[in-house]
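As a starting point, one isolated chain is supplied in C-alpha cells, in the form predicted on its own.
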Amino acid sequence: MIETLLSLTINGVLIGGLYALAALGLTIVLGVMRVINVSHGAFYTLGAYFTFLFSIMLGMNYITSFLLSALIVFAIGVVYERILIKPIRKEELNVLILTFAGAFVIEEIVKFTFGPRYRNIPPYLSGTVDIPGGSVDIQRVLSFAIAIGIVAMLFIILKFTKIGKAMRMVAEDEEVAGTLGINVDRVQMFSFGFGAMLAASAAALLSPIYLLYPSMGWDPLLKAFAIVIFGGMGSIPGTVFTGIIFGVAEVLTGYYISPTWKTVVPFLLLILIISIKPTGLFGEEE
C-alpha cells in the first residue's frame, strides 16, 4: 500500500512539473503585463503541433523539434503582442475578449492545416525506471528533468540577467521602471513571447504522452489558470509548487477514486484554498 502510494506520488510529481511549466507562462504575462491571456492554451496547441510537424512529418529528431517549436511560438507570441495586444493593453476587458477570440482563430487554423482528427507523437524514449511500488516511463522522467531545467533557467534569467531584472521591475511598478530608463514596451513584448514559449515547451514535452487535437489547448489553459490562482497571482514559486500539487492530486484521484474525477479534484482544491485564503497560497494582500 505504501509503495503503491509512493509510486503514484512520484508519477504525479513528474506530470505536475510539466503542468507548472505551462502555467509559468501565464504567471509571467500576468505579473509583467497585468493582462489575462486566454490565447495561452492556443500557444500550447501550436507547440504540440509544431513538434508533430517537425518530428513526424519532417522526420527531425525530438530535441531539434522541441527547440524549433519553442522558438517559433516565441516569435508568434512577440508578433501577437505587437499587433494585437499592445494597442489595447490598458483596456483589460478588451484584451480578455481579443485573446479569447484569438484562441479560436488559432484553433481553426490548426484544424484547417492539420485536419480535425487526433494525432499522436510516439515516445521518443522507451524503457522504464524502477521505483518503489512499480516503475515509471523514462520518457516522463526526462521530460520532467527538461521542465525543471527550464524552470531553473527562468529563475536564473529573472535573478541575474538584465532583461530578467527589467521584467521584475516592470512587474513591481511599470511607471517607476519607465522613469529608470527601462523600455517597458520591449520588456512586455519579450515577456509575452516568453510566456508563449513556455506554453509551447510544456506541450512539446507532453505531446508524446497525450493525443493531439485542435482544441487540446483549453484543458491546459483551465489548469494553468487554476494553478496560477491557487499558488498566488504572479507568484513563480507558488505556480511551481501548485503545479506539482495538481499533478499528484490528479494521479491519486484517478487511481483511488475514479478516472472521471481526476480532473475535478484539483478544482475542488482551488475552491477550498480560495475560500480560506483568497490571494492563494503564496499571494499577498495588496
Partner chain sequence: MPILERNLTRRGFMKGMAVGAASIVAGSSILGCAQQTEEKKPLKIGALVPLSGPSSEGGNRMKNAFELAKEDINKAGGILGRNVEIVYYDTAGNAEKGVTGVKKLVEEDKVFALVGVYTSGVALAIADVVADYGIPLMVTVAASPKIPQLVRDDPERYKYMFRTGADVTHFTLNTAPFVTDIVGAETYYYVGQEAIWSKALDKVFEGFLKDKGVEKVGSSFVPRGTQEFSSIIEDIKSKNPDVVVSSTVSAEGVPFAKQYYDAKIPVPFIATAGVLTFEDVVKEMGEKGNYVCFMSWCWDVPFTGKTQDFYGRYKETYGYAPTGYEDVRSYDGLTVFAQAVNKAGSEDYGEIRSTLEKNRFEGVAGYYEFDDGHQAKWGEGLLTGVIGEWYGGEATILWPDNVKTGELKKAPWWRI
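Remember, predicted model here, so these are calculated numbers, not experimental data. Residue numbers count along the first chain shown, from 1. Under this definition, the rigid core comprises the largest set of C-alpha atoms superposing within 1.5 Å between the forms.
Heads up, the form predicted in complex with its partner chain isn't pictured, but that's what we're talking about next.
Not displayed here, its partner chain is approached by residue 118 to within 4.5 Å at the level of heavy atoms in the model of the complex.
In the model of the complex, residue 164 stays away from its partner chain, with no heavy atom inside 4.5 Å. Though the partner is left out of this view, residue 122 does reach within 4.5 Å of its partner chain in the model of the complex, counting heavy atoms only. Interface membership of residue 210, defined by any non-hydrogen atom within 4.5 Å of its partner chain in the model of the complex, is confirmed.
Listed stretches are 195-203, 67-75, 103-111, 182-190; the contact stretch with its partner chain in the model of the complex is 103-111, by a heavy atom cutoff of 4.5 Å. In the model of the complex, every residue of the candidate spot (19, 128 and 259) has a heavy atom lying within 4.5 Å of its partner chain. Using a 4.5 Å cut-off on any heavy atom, the residues of 1-23 that reach its partner chain in the model of the complex are, in sequence order, 4, 7, 8, 11, 15, 19.
With the core held fixed, residue 58 shows a CA shift below 2 Å between this form and the one not shown.
Once the rigid core is used as the reference frame, the Cα position of residue 259 differs between this form and the one not shown by 2 Å or more.
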